[in-house]
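Shown next as structure tokens: one chain only, the form predicted alone.
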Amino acid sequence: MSAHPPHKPNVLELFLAALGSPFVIVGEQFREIFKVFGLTVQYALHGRRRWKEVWLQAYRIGNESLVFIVCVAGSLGVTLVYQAGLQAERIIGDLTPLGGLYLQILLREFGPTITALMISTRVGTGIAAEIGSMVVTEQVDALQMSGAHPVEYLVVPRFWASVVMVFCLTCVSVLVSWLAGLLTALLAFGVSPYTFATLSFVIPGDVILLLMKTTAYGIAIPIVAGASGLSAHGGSEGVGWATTQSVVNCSLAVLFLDVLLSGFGYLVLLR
């Protein structure tokens, strides 16, 4: 019997394959992220408490990111208040509500979201690179042979540390950005600090929304970055791929959660 000649895909089949490939890749990444999320919650609630490792990761996430966050928050405060002050001066000529409105938008949006994006670029890449290096050098396989699950050993301590430190860094970011805005309003527009430092526009829903966002971001960043690291393969090239994937996925996760929680907040908390 003669063997059938191999099938050569036509142009339409190649086009459909190229069109569907990204959806397959995204589906696999979603599946891996939800798998790591489920295991992380399971081991965080019922696994061993490795508090020494949690404190070490908290130092790496929090203390080592502090200067970076302060610089970004300070520049953000100067830029936003200066631009908002220019527009308010041209349109209404009254800068009295500038400080209260700026603090409100800091609590609702810029404080938690910009801080989380900065953490995802610095901390998320570090988590993915570290775990990815352990995967390609077979250290994760050695962990499994020793009876330790890689999610429990590697992801859970970073999970607890991230939840706490994202909140702490967000508070620092809001404070620094607000103080930078206060100085900008004083020096650029002559707005009194007593006028700028008003809480008249802030409501309890703003604080609740900030807490919800910082918690969600603190949960998402280590899980998404850990999933990227655990899926690394192929040596050092695979580690680079996992790091790049972590930056993209963590940033998208933060933006998606921001849209979701902001919509919920404006519909329920801020009415």
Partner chain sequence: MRLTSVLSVPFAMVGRRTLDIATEMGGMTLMAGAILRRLFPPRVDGAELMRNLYNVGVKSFPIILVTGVFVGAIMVIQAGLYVEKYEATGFIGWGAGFATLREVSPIMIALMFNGRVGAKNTAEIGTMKVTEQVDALRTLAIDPVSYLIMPRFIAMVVMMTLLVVVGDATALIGGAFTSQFLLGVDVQLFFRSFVDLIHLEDFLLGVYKAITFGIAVGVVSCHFGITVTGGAVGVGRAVNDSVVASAIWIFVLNYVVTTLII
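Positions refer to the first chain, counted from 1. These numbers come from a predicted model, not from an experiment.
Unshown form predicted together with the partner chain; subsequent notes refer to it.
Participant: So, S75, Q87 and V259: all three within 4.5 Å of the partner chain in the model of the complex by heavy atoms, or not?
Facilitator: Answer is yes for this spot.
Participant: Using a 4.5 Å cut on heavy atoms, which of T96, Q83, T198, S192 is close to the partner chain in the model of the complex?
Facilitator: Flagged contact: Q83.
Participant: Using a 4.5 Å heavy atom cut-off, state whether F68 contacts the partner chain in the model of the complex.
Facilitator: Judged by the heavy-atom cut-off of 4.5 Å, F68 is in contact with the partner chain in the model of the complex.
Participant: Taking the partner chain as it sits in the model of the complex, is F110 in contact with it (heavy atom to heavy atom, 4.5 Å or less)?
Facilitator: So F110 counts as contacting the partner chain.
Participant: Is there any non-hydrogen atom of T215 lying within 4.5 Å of the partner chain in the model of the complex?
Facilitator: Heavy-atom contact with the partner chain at 4.5 Å: absent for T215.
Participant: Evaluate I223 for contact with the partner chain in the model of the complex, applying a 4.5 angstroms cut-off between non-hydrogen atoms, and reply yes or no.
Facilitator: Judged by the heavy-atom cut-off of 4.5 Å, I223 is well away from the partner chain in the model of the complex.
Participant: Residue by residue through 237-262, which ones have a non-hydrogen atom no more than 4.5 angstroms from the partner chain in the model of the complex?
Facilitator: The stretch 237-262, when checked against the partner chain in the model of the complex, contributes E237, V239, G240, T243, T244, V247, V248, S251, L252, L255, F256, D258, V259, S262 at the 4.5 Å heavy-atom cut-off.
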